[in-house]
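The data below hold one chain only, encoded as structure tokens and taken in the form predicted on its own.
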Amino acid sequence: MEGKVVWKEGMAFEAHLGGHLFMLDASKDVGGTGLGPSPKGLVLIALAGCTAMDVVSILKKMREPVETFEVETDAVTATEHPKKILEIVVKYKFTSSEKLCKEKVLRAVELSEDTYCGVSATLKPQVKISNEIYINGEKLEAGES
């Protein structure tokens, strides 16, 4: 895996990753113009995408009837430099008109967070990662990894 960034102007960089091209930028309050996501924001998206792909794959193998699925992340960052990510809450949101097995959903999330997700493994133990799981809007037991 290789990636690179090329400075364009201000705080904007053109990012090249795996044949994909996108912009990175900072917010206006720190000299950017908002042409793209921030690098720290992409850490959150990397975690969400990694665990989401695992969970979908696991639940598909378990033949669970997931209709929609999204993963949200919310981070707490340090107030002083380096303003690193201290804690992330990962919210897994499932919907289905058929009944989803809560135990299988919990197990899929657990397997992703503890075994398969390389992004999660990279962030731990420096970053506290906890989760919230919802099925059709109902919150299940919160877990911490």
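Residues carry their position along the shown sequence, with the first being 1. Model, not experiment: these values are computed from the prediction.
Not on display, but discussed next: the form predicted together with another copy of the chain.
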Requested in this report: Look up in the model of the complex whether residue 50 has a non-hydrogen atom within 4.5 angstroms of another copy of the chain, and give yes or no.
Outcome: yes
Query raised in the report: Counting only non-hydrogen atoms and a 4.5 angstroms cut-off, does residue 106 reach another copy of the chain in the model of the complex?
Result: no
Query raised in the report: Taking heavy atoms only, is residue 56 within 4.5 angstroms of another copy of the chain in the model of the complex?
Result: yes
Query raised in the report: Any chance residue 83 has a heavy atom within 4.5 Å of another copy of the chain in the model of the complex?
Result: yes
Query raised in the report: Can you name the residues of 16 to 37 that have a heavy atom within 4.5 Å of another copy of the chain in the model of the complex?
Result: 16, 17, 20, 22, 24, 25, 26, 34, 35, 36, 37
